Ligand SMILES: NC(=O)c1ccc[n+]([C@@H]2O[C@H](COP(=O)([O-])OP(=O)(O)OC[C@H]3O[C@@H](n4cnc5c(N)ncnc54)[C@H](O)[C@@H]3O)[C@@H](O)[C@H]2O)c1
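Below, in structure tokens: the form predicted alone, a single chain.
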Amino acid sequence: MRAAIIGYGKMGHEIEKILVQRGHTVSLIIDQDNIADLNAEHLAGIDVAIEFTTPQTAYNNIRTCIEAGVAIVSGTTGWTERLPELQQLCREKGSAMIYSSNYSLGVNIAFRINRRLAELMNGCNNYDVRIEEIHHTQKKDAPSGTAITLAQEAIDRLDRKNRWNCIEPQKGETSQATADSIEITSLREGTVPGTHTVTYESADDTLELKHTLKSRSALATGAVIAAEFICGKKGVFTMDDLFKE
């Protein structure tokens, strides 16, 4: 597989290492210093591009790949209100893409458990639910895309919840929880790769679903596996499609 890496920060370097370990060729690396090279000419011959950049640049990066007919794996968070546009473009162009707020295989298993847990808790109105996410201080968006996914998938299955809200205690924000909302607490600490906890609590007990990421390697490995999965395919995919295969 000939791969392009779009975004050559810490994640990009980790993705490069995993690609090489799994026998693939890194044929193009795009970073902020050579963003002009992200075009059809330089993408010619690329099988899959893996994109981890910023909320401000992700849309254009992905669109360029789709229009060039290059399959694209994106893990950039904080911009997904425009994701449906790109998914539709992908279908129209006969290209391939997969987007996930988190490529850790463990997190994606946690997503599936979270959905089932919410279904089971739907009739248990004596439990309230909240989410906490902890990330490194360099993370630009809050809440994390993973926390939003956890919250939204719970909301879709809990009749008593219809929205989420986010607080950042380090900015002096205090709880704004209401009966119809899921509150996400976003914390930024040191170099933490990512910890997510979904808590259901009643007056009598507490149930927690928790995932702790130990390194970026888990994210990079999942992204490369996703790239291998969509290589040669056409269409819009999710990590659930990968798990089905």
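Just so we're clear, the structure is a prediction, and the values are computed from it rather than from any experiment. Note that residue numbering begins at 1 and tracks the sequence as displayed.
Form predicted in complex with the named molecule: not shown, discussed below.
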task = Indicate whether S27 is a 4.5 Å heavy atom neighbour of the named molecule in the predicted bound form.
result = no
key: Interface membership of M11, the named molecule in the predicted bound form, 4.5 Å heavy atom rule   = yes
message = in the predicted bound form, does D31 come within 4.5 Å of the named molecule, counting heavy atoms only?
response = yes
request  = With heavy atoms only and a cut-off of 4.5 Å, decide whether T149 touches the named molecule in the predicted bound form.
outcome  = no
ask   = Which of these residues, T64, T57, T185, T197, gets a heavy atom within 4.5 Å of the named molecule in the predicted bound form?
value = T57
remark   = Counting only non-hydrogen atoms, the one stretch of 152-160, 72-80, 87-95, 122-130 within 4.5 angstroms of the named molecule in the predicted bound form is 72-80
Within 4.5 Å of the named molecule in the predicted bound form: residues from 127-157 (heavy atom criterion) = K139, K140, D141
